[in-house]
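Only one chain is included here, represented as structure tokens and corresponding to the form predicted on its own.
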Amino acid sequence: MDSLLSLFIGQYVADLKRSLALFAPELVLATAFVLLVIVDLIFQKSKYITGVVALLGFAVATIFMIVSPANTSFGFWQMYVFDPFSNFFKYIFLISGFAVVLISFFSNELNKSDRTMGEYYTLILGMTLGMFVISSAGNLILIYLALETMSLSSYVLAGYTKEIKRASEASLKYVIYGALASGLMIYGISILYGLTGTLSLFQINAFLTQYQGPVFPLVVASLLVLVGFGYKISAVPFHFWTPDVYEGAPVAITAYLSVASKAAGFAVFMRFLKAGFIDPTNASEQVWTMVSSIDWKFIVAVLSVLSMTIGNFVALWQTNVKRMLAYSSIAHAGYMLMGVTVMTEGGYIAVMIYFFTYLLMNFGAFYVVQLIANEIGSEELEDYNGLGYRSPLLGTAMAIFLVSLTGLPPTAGFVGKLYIFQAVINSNMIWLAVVGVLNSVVSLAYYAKVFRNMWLRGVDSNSAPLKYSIYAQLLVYAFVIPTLYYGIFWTPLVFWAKSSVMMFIGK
């Protein structure tokens, strides 16, 4: 008996040591989180030192990500997954973290003299840590805890400019919708646990391969869990919080929520489907075989079509640029859901390519909106008249980002949509590809209104040119150049996405 206990303890300690070694990037972020709190207490009057510490935390975490082994394995008793799939999204989170901190340095609405910024950067680090965990979680309770870690930080960040009425309104709406989605999700998890007797996605998969019981409770449980994922990715009909929160939050946080938070939602949703409901013995490139009678293809296809169509058509009527980009974000969730719908390796690869390109063009577009708002104090479309002549750099950059969001060459957005449509067509879902193309045409209509106002209206205006620092200009180039570069040389990006999916645990 004593020998068995000693063996168990030895295995327990060995697994813990191995897991903690692989968990190093997350530990770095947690350490940086604590360090930021201490630094903020010491340097309360400094607005930028906490941001610099946050950047250092992201940099160190990136180094640990680069030097960590590229193999696939489980950690913490199969609750945590270390694989290239999660690493891909973790790099997305780190790049987004760098971007949101840098953008925040140039935000007039955030850097007012009477506002401390220590809590702001601390919350960004905490939110990033939650995203790291959720992308690797292989256990439903761990998924839920990571989702709540993300959400609690994002609720506060959305209303950080609390003196602005619309920011407080955004934060309150975000909390209410988040609480509802969270409650439904945990109820779905409890039903799944009751049916299967486990919280592990991989053990749920094994159970479903032999499941002969009633289908209805399984469908209800899965749909309730889907509510939580749909809320994070802003998919219709779980999107109602998105326009108000995106409009009311600081521009930098709006960009962060539209990219990083959405990426985390997609990462966990893709793993949930692949690890929990796809037969690992027949998961070929062509078509993945389900281990349950739930028609996930139909469910995700409906979400995709609704998100694309409603997002794009409602965006047509918006007069506020931030709100327009919010509905655009809903539509882009629909495009990415097309890749999930086909249930193939090619579809997952397309989603990951799309996310990287979406990061560049969406952060860039929101950053231009912020720089313009700093100068003219407005985000209304009518106030953009003639801005292309008052600031040729911002006008040209905005045009490039909007063309990329539409999906036209030679921009990175074209590459993302190319692989999405290719995956859909290869799966013989021609009707879905047609819906996607038609929606892209609709999106061009409202994107065109922005650069029409910037370049074709107010041409004779004698307004003063916009002023911004050389550092702000360099950050614009940091988004523009990759957006154009990956529209021409996209092979390394495709190779990265393919290698990440090929070594996806759960295959």
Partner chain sequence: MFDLVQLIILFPLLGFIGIGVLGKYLKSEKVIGIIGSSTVGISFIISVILFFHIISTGLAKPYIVDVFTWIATGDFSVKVSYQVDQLSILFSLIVTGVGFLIHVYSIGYMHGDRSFARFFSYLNLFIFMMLNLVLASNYLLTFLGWEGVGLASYLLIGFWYDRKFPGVRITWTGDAGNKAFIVNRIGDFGFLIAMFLIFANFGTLSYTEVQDIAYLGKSIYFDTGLITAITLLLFLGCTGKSAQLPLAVWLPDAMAGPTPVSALIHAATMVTAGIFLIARNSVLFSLAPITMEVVLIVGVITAFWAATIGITQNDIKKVLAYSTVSQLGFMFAALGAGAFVAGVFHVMTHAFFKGLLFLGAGSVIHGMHEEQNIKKMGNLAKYMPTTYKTFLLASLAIAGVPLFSGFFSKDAILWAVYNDGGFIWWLILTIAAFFTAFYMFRLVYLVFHGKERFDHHKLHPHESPKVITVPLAVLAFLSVFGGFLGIPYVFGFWFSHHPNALENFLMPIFAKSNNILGVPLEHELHAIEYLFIAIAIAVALIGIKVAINYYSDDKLLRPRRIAEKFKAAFDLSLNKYYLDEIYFYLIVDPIVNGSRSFLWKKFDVGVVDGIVNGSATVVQKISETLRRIQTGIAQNYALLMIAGIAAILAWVVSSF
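Numbering follows the first chain given and starts at 1. Because the structure is a prediction, the values reported are computed rather than measured.
Below, we refer to the form predicted together with the partner chain, which is not included among the displayed structures.
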### Query
Can we say Leu184, Phe238 and Gln318 each have a non-hydrogen atom within 4.5 Å of the partner chain in the model of the complex?
yes
### Query
Does Phe88 reach the partner chain in the model of the complex if we count a contact as any heavy atom within 4.5 Å?
no
### Query
Is Leu180 close enough to the partner chain in the model of the complex to count, meaning some heavy atom within 4.5 Å?
yes
### Query
Do Leu223 and the partner chain share at least one heavy atom pair within 4.5 Å in the model of the complex?
yes
### Message
Please tell me whether any heavy atom belonging to Gln422 falls inside 4.5 Å of a heavy atom of the partner chain, as the geometry stands in the model of the complex.
### Response
yes
### Message
Going by heavy atom distances of 4.5 angstroms or less, which of Asp383, Glu345, Glu148, Asp244 would be at the interface with the partner chain in the model of the complex?
### Response
Asp244
### Task
Check each of Arg323, Lys417, Arg390, Lys274 and return the one that places a heavy atom within 4.5 angstroms of the partner chain in the model of the complex.
Arg323
### Message
Tell me which stretch of 139-147, 211-219, 262-270, 397-405 has a heavy atom within 4.5 angstroms of the partner chain in the model of the complex.
### Response
211-219
### Task
Sequence order please: the residues of 476-500 with a heavy atom within 4.5 Å of the partner chain in the model of the complex.
Ile488, Phe489, Trp490, Thr491
